[in-house]
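Single chain ahead, by itself, as structure tokens, in the form predicted alone.
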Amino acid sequence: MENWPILSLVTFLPLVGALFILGIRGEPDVVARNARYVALWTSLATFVMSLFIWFNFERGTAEFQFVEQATWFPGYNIDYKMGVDGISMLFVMLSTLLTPLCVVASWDAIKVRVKEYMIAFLVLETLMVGMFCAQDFVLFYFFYEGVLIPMFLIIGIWGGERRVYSAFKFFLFTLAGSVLLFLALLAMYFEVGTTDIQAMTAYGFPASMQTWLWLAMFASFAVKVPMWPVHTWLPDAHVEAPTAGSVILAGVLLKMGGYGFIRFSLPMLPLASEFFTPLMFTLSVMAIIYTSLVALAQEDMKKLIAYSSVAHMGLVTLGTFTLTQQGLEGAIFQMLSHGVVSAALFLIVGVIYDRLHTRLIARYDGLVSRMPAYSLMFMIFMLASVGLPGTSGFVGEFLVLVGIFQVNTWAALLATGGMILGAAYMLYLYRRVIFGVMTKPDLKAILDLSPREVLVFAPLLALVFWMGIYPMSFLDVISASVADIVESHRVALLQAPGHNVASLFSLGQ
């Protein structure tokens, strides 16, 4: 096991499946069926292989594990280097779990260009896993930008009526920010002489340079999160994307921005991160409150859940920049929880969309009388999104609030107010769709969850309760890496000339 290139195997196995699908020939129905099965077995094999990483991961250390390194650009100090720590390992697991669920969820929903659709998802899985495993900045950028291409195609080809507009908006927003990230990468490379992420983290960038590098990274990561006010591409992308596209977009792709802040901005640019913390708090609180109010006014179920994602990710950025152990752990836990819960909520919407082909809230009422199993699933994931104790949503929100309260009580108060609004729009959605008397004649014949749909929801349901009831199984993995980031940040501030560290750490008290 120790000699296996396990990270490369998990990263590139989906690509092998995509090549197999590419070679499938025959009648359209046969091609579609075979493409589905190859995609399913490939993604399941990838998930099973990723379990080796989970079971063989050494807890209690911040060191990168399963490290693989090979010369990529000889003479330029740019290598193919892979490795995972307690933070990135969990995002690898999230990516490999959601992909087979997306394949199963798309089984009957996608009827045109099935072969190309499955190839797009497998290529997307390779890029997502590779991004979280990359330990070289150029390699990271390669995967980070590559994710755009299959997602652009998934939205643009298999999306709704305004799919082309939404796909281009998604592409242009994210690409514009990433150009600045590339400039930051070049500046850091010329300064350090290598693109090794650990070497860059250990290097002390000059204070004046940190400000510009941080702003360049912010331009890219803020769009990916997405933070207010550069969040406007997300509701459009979610509404037009097919159900499985929304699942991956909310479940994994939104985490790329938060992961970028934690992996690059905080450890590499500690002085700039400290300087811009008030800005991050302001934008995060704005995202939580403003998008929660906008969610209350939505008539489209997918759009409501999309705006709720912006609010939840605002809580993530708030926790990240507290730079406390609890705040950072809460931010990472909230990202994982949101990845599971938001994926489940988009699948919940997909179930009734497949039956009636509309997402308008006003078109549904009284579904509990015809769909009791569906109503139960919807209720559990809705309450997890709200943050009910015993579910995954509670742990992340609680830790973030503990972290932010230590640093800025006003931000903690406003974030709590936003969370109350979050409960309001989710309960409003549930009441309108599930409760009441069924008045729409076409709902009388609607069918409850099929065995295939139950199979998709089962692992997500188990995770919601596992993370909510026994969070230490995840926090044990995260804590050492978080403690290392917090400590290195504290040391960097102590060593910075002319910094009054005492005043920095009493901000907002």
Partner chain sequence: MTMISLDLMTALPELTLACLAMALLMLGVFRGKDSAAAILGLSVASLVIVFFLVSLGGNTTVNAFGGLFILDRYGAFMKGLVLLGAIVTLVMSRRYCEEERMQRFEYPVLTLFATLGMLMMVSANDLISLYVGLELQSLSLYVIAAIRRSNLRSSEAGLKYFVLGALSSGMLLYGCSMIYGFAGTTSFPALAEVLATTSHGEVPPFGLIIGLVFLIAGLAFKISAVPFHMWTPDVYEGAPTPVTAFFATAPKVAAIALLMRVMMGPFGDLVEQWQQIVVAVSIASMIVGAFAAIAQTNIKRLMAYSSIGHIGFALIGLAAGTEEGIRGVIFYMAIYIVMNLGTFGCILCMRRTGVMLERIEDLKGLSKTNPMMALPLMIFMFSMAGIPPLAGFLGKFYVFMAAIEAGLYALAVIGVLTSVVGAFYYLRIVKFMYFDDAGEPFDSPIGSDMSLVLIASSAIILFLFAVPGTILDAAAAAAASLLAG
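Positions refer to the first chain, counted from 1. Only a predicted model underlies this, so the values are computations on that prediction, with no experimental measurement involved.
There is also a form predicted together with the partner chain; it is not shown, and the following applies to it.
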Which pick from A362, V164, L427, M438 sits with a heavy atom within 4.5 Å of the partner chain in the predicted complex? V164
Of A207, I434, M256, I157, the only residue with a heavy atom within 4.5 Å of the partner chain in the predicted complex is I157
So which stretch, 137 to 145, 288 to 296, 377 to 385, 102 to 110, is the one near the partner chain in the predicted complex (non-hydrogen atoms, 4.5 Å)? 137 to 145
4.5 Å heavy atom contact, Y353 and the partner chain in the predicted complex: no
Does any heavy atom of A373 come within 4.5 Å of a heavy atom of the partner chain in the predicted complex? no
Could you confirm whether F405 comes within 4.5 Å of the partner chain in the predicted complex, counting heavy atoms only? no
Do F73 and the partner chain come within 4.5 Å of each other in the predicted complex, heavy atoms counted? yes
For this chain shown on its own, do I78, I149 and V179 all sit within 4.5 Å of the partner chain in the predicted complex, going by heavy atoms? yes
Going through 164 to 194 from first to last, which residues have a non-hydrogen atom within 4.5 Å of the partner chain in the predicted complex? V164, A167, F168, F171, L172, L175, A176, V179, L180, F182, L183, L186, A187, Y189, F190
